[in-house]
Every structure is written in structure tokens, then in C-alpha cells.
Ligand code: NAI
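In the block that follows, a single chain appears as C-alpha cells, in the form predicted on its own.
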Amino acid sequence: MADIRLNKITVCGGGNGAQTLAPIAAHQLDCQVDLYAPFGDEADRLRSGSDSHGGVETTGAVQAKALLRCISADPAEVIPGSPLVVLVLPAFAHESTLRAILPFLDQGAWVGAIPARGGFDFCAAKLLREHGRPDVALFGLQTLPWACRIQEFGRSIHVLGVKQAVDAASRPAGLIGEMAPVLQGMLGLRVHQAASLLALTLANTGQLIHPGIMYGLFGDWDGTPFPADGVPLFYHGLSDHGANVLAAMSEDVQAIRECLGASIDLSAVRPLIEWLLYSYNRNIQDSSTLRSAFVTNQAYSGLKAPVREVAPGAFVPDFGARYLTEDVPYGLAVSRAIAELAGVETPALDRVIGWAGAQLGKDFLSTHQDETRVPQRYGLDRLDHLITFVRED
């Protein structure tokens, strides 16, 4: 695997990220790419779109096109023969997908998630133990490398912006030195090494940005629908209030980092403003404040808040969008549970988690933790247990 020349890899997923990675990986690695799309009729739709277009294509900030070797909803058709398998899926689909593909993984395969989101290693390590697969190595990326949107399903994906660098980590942790060059070659951008997947859990900026901006935009929403031309921009619509919410959430995560930093290397857990500059410096016109770094970031240009139409021309916030349904139970709730083990107070995280849970009818701080990836679900119910897990002792 140290040789970047791979014969075949498999991408798992059928959404924006998966359809973006597949042609980019085929182009960058000059190898065959299979696509595992297990949900609904995605595999059929992807095959139809790709066949009619002569492949899957990215446009905009990254331009690549590839005719995929095989697109299937059957893991037996696409997983075998792939030394590298990448899950580009919502976090709620990680466990079911891992269970489906584990029987077909090659010996010594690398399996990872882009992005990993909170607690990916807790869940994946448990499944590997259950299936007796100590040979399989895990990896994850902190974030999706692109801002991307499907234009025509199975045919064309528009890439609005590309991060300058992304962090990656592995389990075993020492393997990231071998993995990083391969991942960097696959993505065509810099991949920096983080010390552990726990560092990526806490460094998951999606858990701050997405629920935090939703709270800033709609925390005081009075229920009045928006007209089509009144739907707010998501990133570029960030207010001073929203920026203050994000800053407070970032400070809570930094408090967790400070508490655990003596025991675990968490240098990859950057304050939010530092992460923005690390990822998007060339795209940001004004970095003087957290708010200006968001609203002048050209990679975020034109992206609107998630809404749903309730009557012709009338829209309301879509609280069922992944900005809450993924980034709270597989992000904020996980970081907050780690803070609880460490005895760290997180008032800003608690406020946003509580609000998001109210919109979804769930209490992620107590009664609905079984729908999250908090460490306590995996037997890591004391801080020393968590540290032992991270150190792989």
C-alpha cells in the first residue's frame, strides 16, 4: 500500500461527496473505481446517469471525468479486490455500511470515512472486534475536502471550492504516516497527519458550523414562512449574533482540548478561526473577524440555508437536514459526552444541542444518547477508559 499505484478502490455512497470523489480518485490515482451505493435505487440511477454521460464528471474548481468500472448495491460485486475502501456517506449510515462490507474486505484493507465525524473509531473498532478483523486498518478525514453539489445525478457534480489542506488520522495511529501520501495522491491536495481519530472527533468543525449557524439563523424564528427570494444565505448570511454563537462553541471545544491535552496529542483541534484560515485562506477576502472570514469566503458563495416548501412559494427551515440530524448526534453530542467524562463545562454546546434536539423531538443530552456515537455507548464510560482506547493499550 505504500506504493500509490493502486489497481482498484471502492467508494461507498451515492451523494454529493461520493460522486465527487469517484472521478477525482480515478483521475488522480489512474486506477479503476467501483461505487457501492446500497440505498434505494441509487445504484440504478447512478448507472443510468453515468452511462448516458460517458462517465461521472466534476466541474468548477476541480475538473475530472471517469467511467466507473462497476456501480452496484451488492457489496460482493465491488468490495473484493479493493485495498482501499472509502465511506463517503452520512454518519448514520457508517455502521450499516461497515456491517455490509466487512465480510468482503481483502486481508489488510484500509477502510475510512470522509469525513469521519464524531466517534467513527468507537463504532468501527467495535465492529472489527465483533467480526474478528484485526487486519483491517481504519482512517478518517476531518472534513470533506470540497464544497460540492450534484447538478445531474450520476452525470455532473459542481465543485464550488476546495480546501487547501485536510487532516487525517488512523487506527492504528502509527499507520497514518503510510496512509497520508496515498490519501494525498487520491485527493490531489495536502493531507496532514493528526495524532488520533479522537483528535478528528474534537476537530470536527462541521459540528460547530452547521448547527451553530442554524441556531443563529433560526433560533428565534417565529414560524412565518419565507418567500422564495427571502431564504437566507447559509454561510454568507451569518450575523454578528451567529458568529458569537460559533465563537462560544469553539471555546467550549478548546476547553476540552486543554483538559485532555496533557494525556493525548490534540494539536489538530484548532480554534474555528484558525481552521478557516488553514482550510480556505486563498478564498477569504477579509479574515479580520470570524464573521468576515465566513461572509467573504468565496468557497461558500451562494449556498442557501436548508428549507422545505410548505405551500407554493412559501418555505420554512428544514430542521430535518443533515446540519442537525448528522452534526448533532454524530458531532456535538459526542464532543459534549467527552467533555462530561473530563469534567469540562460546555454551556454553548449544551445550548445548541438542546435547541437542535427540541426541533427534532429528541433529547441528545440524556434519553436519546443511544442514537448517537457517544463513547459511553461503547463501554468508554470513564476518562481513563477513553484514554486507554485512544492510546490503543
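Numbering starts at 1 and runs along the sequence shown. Since the model is a prediction, treat every value here as computed from it, not as a measurement.
The form predicted together with the named molecule is left out here; the points below concern that form.
*in the predicted bound form, the one of 322, 133, 257, 291 near the named molecule [non-hydrogen atom within 4.5 angstroms]*: The residue in contact is 322.
_I need to confirm a contact call. Of 144, 173, 102, 305, which residue comes within 4.5 Å of the named molecule in the predicted bound form, counting heavy atoms only?_
For this set of options, the contacting one is 144.
*Any idea which of 223-231, 93-101, 257-265, 313-321 reaches within 4.5 Å of the named molecule in the predicted bound form, heavy atoms considered?*
Contact-bearing stretch, as computed: 93-101.
*Is it the case that 14, 17 and 117 all touch the named molecule in the predicted bound form, with a non-hydrogen atom of each within 4.5 angstroms?*
The answer is yes: all three residues contact the partner (heavy atom, 4.5 Å cut-off).
*residue 148 near the named molecule in the predicted bound form, any heavy atom under 4.5 Å?*
Because a heavy atom of residue 148 falls inside 4.5 Å of the named molecule in the predicted bound form, the answer is yes.
*Looking in the predicted bound form, any heavy atom of residue 340 within 4.5 Å of the named molecule?*
Residue 340 lies outside the contact set for the named molecule.
*Please run the contact check for residue 42 against the named molecule in the predicted bound form: heavy atoms, 4.5 angstroms, yes or no?*
The answer is yes: residue 42 has a heavy atom within 4.5 Å of the named molecule.
*asked:* in the predicted bound form, is there a heavy atom of the named molecule that lies within 4.5 Å of any heavy atom of residue 326, even though the partner is absent here?
replied: Judged by the heavy-atom cut-off of 4.5 Å, residue 326 is in contact with the named molecule in the predicted bound form.
_Partner contacts in the predicted bound form for 176-205 (non-hydrogen atom within 4.5 angstroms of the named molecule)_ = Residues within 4.5 Å: none in this stretch.
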